[in-house]
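Presented as structure tokens, the chain that follows is alone, the form predicted alone.
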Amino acid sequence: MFIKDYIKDVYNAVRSLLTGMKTTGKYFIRPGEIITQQYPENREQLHLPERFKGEVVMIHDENNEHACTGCTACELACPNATIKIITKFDITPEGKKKKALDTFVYHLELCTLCNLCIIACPTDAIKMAQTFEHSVYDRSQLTKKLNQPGSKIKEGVE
């Protein structure tokens, strides 16, 4: 029994080795079919799939305006409290108080990239960016303020 198991193990090992060598030989002959990317050497040409999610970002236009109304729908949709919306009250030209975004705090270290906040946003103010190099030495750098300094809400967004 021992010899039979030993020969069977050697046979399976050689078979596995030849299967791997066949794949290696195939890519050696046809290098255009290689799908493995040599990161970070190819950082400039790196092409990520469209569905890749790296982090939540707030969209600002060239006038430093965003579409976030401070409704907190994204904060409520987040299952692990990654987002914290701090609001303030602005006075409209008609003299009425209106809730507005003061600070959009995003804790990247807590985010599971589930995309629920993006789906919940009624004004499409936030989206998933394709950035993925988030390593830092200080954990506090993973807490981000998404609205840019001096930014304001776009005209017509309610």
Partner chain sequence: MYTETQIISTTTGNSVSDALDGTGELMINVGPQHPATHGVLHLVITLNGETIKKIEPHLGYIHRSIEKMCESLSYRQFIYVTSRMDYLSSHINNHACALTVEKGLQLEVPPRAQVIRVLMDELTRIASHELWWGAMAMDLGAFTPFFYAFRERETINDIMEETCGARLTMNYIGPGGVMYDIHPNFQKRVKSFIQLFKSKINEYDELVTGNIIFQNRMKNVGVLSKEDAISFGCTGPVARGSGVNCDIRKLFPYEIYDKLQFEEITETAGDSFSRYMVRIREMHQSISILEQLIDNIPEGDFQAKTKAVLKLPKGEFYTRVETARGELGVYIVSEGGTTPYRIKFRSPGFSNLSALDHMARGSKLGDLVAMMGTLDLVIPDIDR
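Positions refer to the first chain, counted from 1. Think of the rigid core as the biggest set of C-alphas that the two forms share within 1.5 Å after superposition. None of the values given here were measured: they were computed from a predicted structure.
The form predicted in complex with the partner chain exists for this protein as well; it is not shown, and the discussion that follows is about that form.
In the model of the complex, the partner chain sits beyond 4.5 Å of every heavy atom of residue 135. Under a 4.5 angstroms non-hydrogen atom cutoff, the partner chain in the model of the complex lacks residue 127 among its neighbouring residues.
Within this chain, residue 53 lines the site of the partner chain in the model of the complex, having a heavy atom no more than 4.5 Å away. Interface residue remark: residue 27 is counted as part of the site for the partner chain in the model of the complex, having a heavy atom within 4.5 Å. The single contact residue among 48, 100, 105, 57, judged by any heavy atom lying within 4.5 Å of the partner chain in the model of the complex, is 48. Note on contacts: among 64, 115, 131, 123, the single residue with a heavy atom within 4.5 Å of the partner chain in the model of the complex is 115. Taking the partner chain as positioned in the model of the complex, none of the residues of 124-153 brings a heavy atom within 4.5 Å of it. Once both forms are overlaid on the rigid core, the distance between the two CA positions of residue 20 between this form and the one not shown is 2 angstroms or more.
Comparing the forms between this form and the one not shown on their rigid core, the Cα displacement of residue 43 stays under 2 Å. Here residue 9 counts as shifted, since its C-alpha moves by at least 2 Å between this form and the one not shown after the core is aligned.
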